[in-house]
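Just the one chain here, the form predicted alone, laid out as structure tokens.
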């Protein structure tokens, strides 16, 4: 694939605070790429650096192999969609979308054609003469997207684009965003702190923390093979327990944790200097069972149901395994059609050995 945006050891400081620290990234043309992380992780600063609203203290930013470090925003082939859309309230939908083309002194005929095609693409035909305050939140968001896309930028930058919408509208707009990106074959770079949003929209994503990139990969790679407990915790729900590896045979090791019976874990792929490790298992990889072992690759630990949460088609069962270990089991609600598990009910939590992911306690996290 053709490289669209490249960041080479980019750093940015605000006073004594390092907002972005030696970040290197490569983003392909036509890719939906997300920057995911908590507040203060540096993702918005990175977006502003690409947009030209901030300039790096160190490193280089390339767009289509052109160094853009010193270029102002209006000279970069990018457009930014802000979290609160920044629409002109005194301009109609048509004039909001046409604004950039008018600033470039395009002909009226070209403007009319381009705006008409873009409004059709975002499904706002017939609303050209309306004003932003007459539109719903989702419609305002689509006007902001149309305004950004009508200039045919190489890169569309999205700063928390769905944050101002309610949950139901956000979910419906996920499909709209992805549809637009795929139909236009544009490169989208999206900043978000919403895990579900990043997983659903992205071809690839970067998880950021404290100004650095912890891991880059597809949603599937980051969810199933996180490189650290921080990435595992930020991408979906995870259950963890820390203990000591105490011997093993072949590809299987025993793990011991005070208050729990010994259980089996996969032998770490890379040697670990410390015997103390953390094992991580996703909630949907656990099962509530009777404790009968039908496979050499099964684990079973007794616990007590502490809480159950019904979430439509899913049930989240919180099981206390020991005084300091509480795990969540995610199951289809059809598993218990008549009633939920009772609070205080003894159960067995079971899982397959290969579903456990091992992290060194003193490793990068």
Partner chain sequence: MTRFPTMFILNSVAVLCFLYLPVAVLIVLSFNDSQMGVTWQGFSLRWYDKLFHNPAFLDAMINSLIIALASTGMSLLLGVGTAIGMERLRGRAVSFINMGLVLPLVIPEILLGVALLMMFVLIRMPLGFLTIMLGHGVFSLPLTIVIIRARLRKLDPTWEDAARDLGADSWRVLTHVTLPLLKPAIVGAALLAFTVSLDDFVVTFFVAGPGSTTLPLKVFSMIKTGMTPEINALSALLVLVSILGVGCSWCYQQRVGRYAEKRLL
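These numbers were taken from a predicted model, which means no experiment stands behind them. The term rigid core refers to the maximal set of C-alpha atoms that superpose within 1.5 Å between the two forms. Residue numbers count along the first chain shown, from 1.
A second form of this protein, the form predicted in complex with the partner chain, is not displayed here; the remarks below concern that form.
Contact with the partner chain in the predicted complex, defined as any heavy atom within 4.5 Å, is confined among 259 to 267, 102 to 110, 226 to 234, 184 to 192 to 102 to 110. Screening 209, 202, 278, 151 for any heavy atom within 4.5 Å of the partner chain in the predicted complex leaves a single hit, 151.
A heavy atom within 4.5 Å of the partner chain in the predicted complex is found for one listed residue only; from 325, 51, 340, 328, this is 51. By the criterion of a heavy atom within 4.5 Å, residue 94 is excluded from the residues contacting the partner chain in the predicted complex. Put simply, residue 82 is close to the partner chain in the predicted complex: some heavy atom of it is within 4.5 Å. Although the partner is absent from this view, residue 120 stays clear of the partner chain in the predicted complex, with no non-hydrogen atom inside 4.5 angstroms.
Proximity of residue 89 to the partner chain in the predicted complex falls within the 4.5 Å heavy atom cutoff. Of all the residues from 124 to 141, those having a non-hydrogen atom no more than 4.5 Å from the partner chain in the predicted complex are 131, 132, 133, 134, 140.
Relative to the superposed core, residue 130 undergoes a Cα shift of 2 Å or more between the shown form and the other one. Core-superposed comparison between the shown form and the other one: the Cα of residue 92 travels 2 Å or more.
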